[in-house]
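Only one chain is given next, in structure tokens, and it is the form predicted on its own.
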Amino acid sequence: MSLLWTSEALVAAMDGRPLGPMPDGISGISIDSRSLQPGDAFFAIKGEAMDGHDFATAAIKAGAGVLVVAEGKLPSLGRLTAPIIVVEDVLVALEKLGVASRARSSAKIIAVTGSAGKTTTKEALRHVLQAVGKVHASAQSFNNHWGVPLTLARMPDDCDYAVFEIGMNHPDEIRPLVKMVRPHVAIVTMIAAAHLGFFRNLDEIAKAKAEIFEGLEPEGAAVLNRDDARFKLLDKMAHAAGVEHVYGFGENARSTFKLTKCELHADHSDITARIGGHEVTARIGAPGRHMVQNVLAVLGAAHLVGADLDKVASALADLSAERGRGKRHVLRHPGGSTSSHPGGLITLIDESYNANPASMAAAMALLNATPVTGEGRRIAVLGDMLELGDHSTKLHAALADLIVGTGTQTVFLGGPEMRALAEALPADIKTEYRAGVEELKPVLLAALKPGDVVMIKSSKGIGFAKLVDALLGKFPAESTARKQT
């Protein structure tokens, strides 16, 4: 078993007090007893809904090598059979371990923030950098006050590259996290109306995202979307934070990482870009113009950390969208059999993880670029965009402009905020509105026909992933969407 941390280093980094005979070290770090692997250290973090101390026994049964618990909780834990490290505050101890992990690392570190595209960009960086070295990156969307230190603490001391996603929905959330991460490159994907319920306007969102510049390493670089309306503001704030190296990506003529040619296809894109003086030609395995924009940032960051651009560009061909973020499934429909499509096929685009006006626009563009077969239809299944505050009704109604005049003529809507869109859509667009996901599910399942392309998009909290699961449960998957060659 390779050790992530020796027990001696673990105790020292956290200023902990060991109880019982310690193992040589730990192989991993867990904050969830359900996913804990034997040999992991279990950190009993107290969250908003649950307290990890209540799961100490479950962690031991799962094979935890060490428990990290709070001094104040020790009397209530009873007799535990695993070695224990006692600390004042478990989350603070995790933060200290994350800081110690960053201090011992010689990896090139990239941090990603933005209103949309953070996880997609982070995963694309993970994917392409694996072609040139050992990579560590955030699991899922571990981008908050516990996810970032956890990702840091899990970073192996021998990795070549590490990629961190840093999120926020209030001011002053990115600042302490980026000062732990201390990236060499900071990417801001875009500024859009996400979490607008907590901010007065998009400029305020941009200023909160700009906190990422404050943690950059000396001589570090900021990589900004040159096509974004807030580029000038972000550029100004980067320089105000002492960042000397600010680069833009996009189609803008002044971009350092510039798109020069782009061909969009239903299941991939072909691009040519100028990256640091080099012409790079690549096929991107995941489709969509928004994916192209993210890839420009990926190529720019890879160049800045010294990665081999030819190998990085080649790896883009195997890039695929994640569950909830554009992943495609080809499903068999029992009706409408033809010789070329036995049983008839439905294409499902799963965009159920997140939604704001900018990502809605990207998802609708993706749907409209996807061809239907036979008498199939393009169907948009849209759920509420959350955390938009007083702007919510106006922004939901404005989605009508994305739909009118496109190839999408059938729309299913769910959630209280989507009523505004249902009322804004014209009569020639077939619209079904229901209050929530459970009411919408049977209507959607009954409506699908062979040849349809259906795209499901909502904020995660609305639960539209249940619609994806329902379709996967009813219609057998032929495969994930096949790539053209």
Ligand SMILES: Nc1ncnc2c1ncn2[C@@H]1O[C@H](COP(=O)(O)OP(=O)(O)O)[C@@H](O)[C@H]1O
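In this text, residue numbers run from 1 along the sequence as written. Treat the numbers as computed from the prediction; the structure is a model and nothing was measured.
The next section is about a form of this same protein that is not shown, the form predicted together with this ligand.
In the model of the complex, this ligand sits beyond 4.5 Å of every heavy atom of residue 347.
Using a 4.5 angstroms threshold between heavy atoms, residue 149 stays clear of this ligand in the model of the complex. Residue 183 falls outside the set of residues with a heavy atom inside 4.5 Å of this ligand in the model of the complex. Heavy atoms of residue 255 never reach within 4.5 Å of this ligand in the model of the complex, leaving it off the interface. Every residue of the trio 325, 351 and 358 has some heavy atom no more than 4.5 Å from this ligand in the model of the complex. Listed stretches are 411-419, 78-86, 265-273, 117-125; the contact stretch with this ligand in the model of the complex is 117-125, by a heavy atom cutoff of 4.5 Å. Contact with this ligand in the model of the complex, judged by any heavy atom within 4.5 Å, is made by just one of 320, 392, 105, 141: 141. Proximity to this ligand in the model of the complex, defined as a heavy atom within 4.5 Å, holds among 362, 135, 282, 221 only for 362. If you take 456-477 and check each residue for a heavy atom within 4.5 Å of this ligand in the model of the complex, you get just 457.
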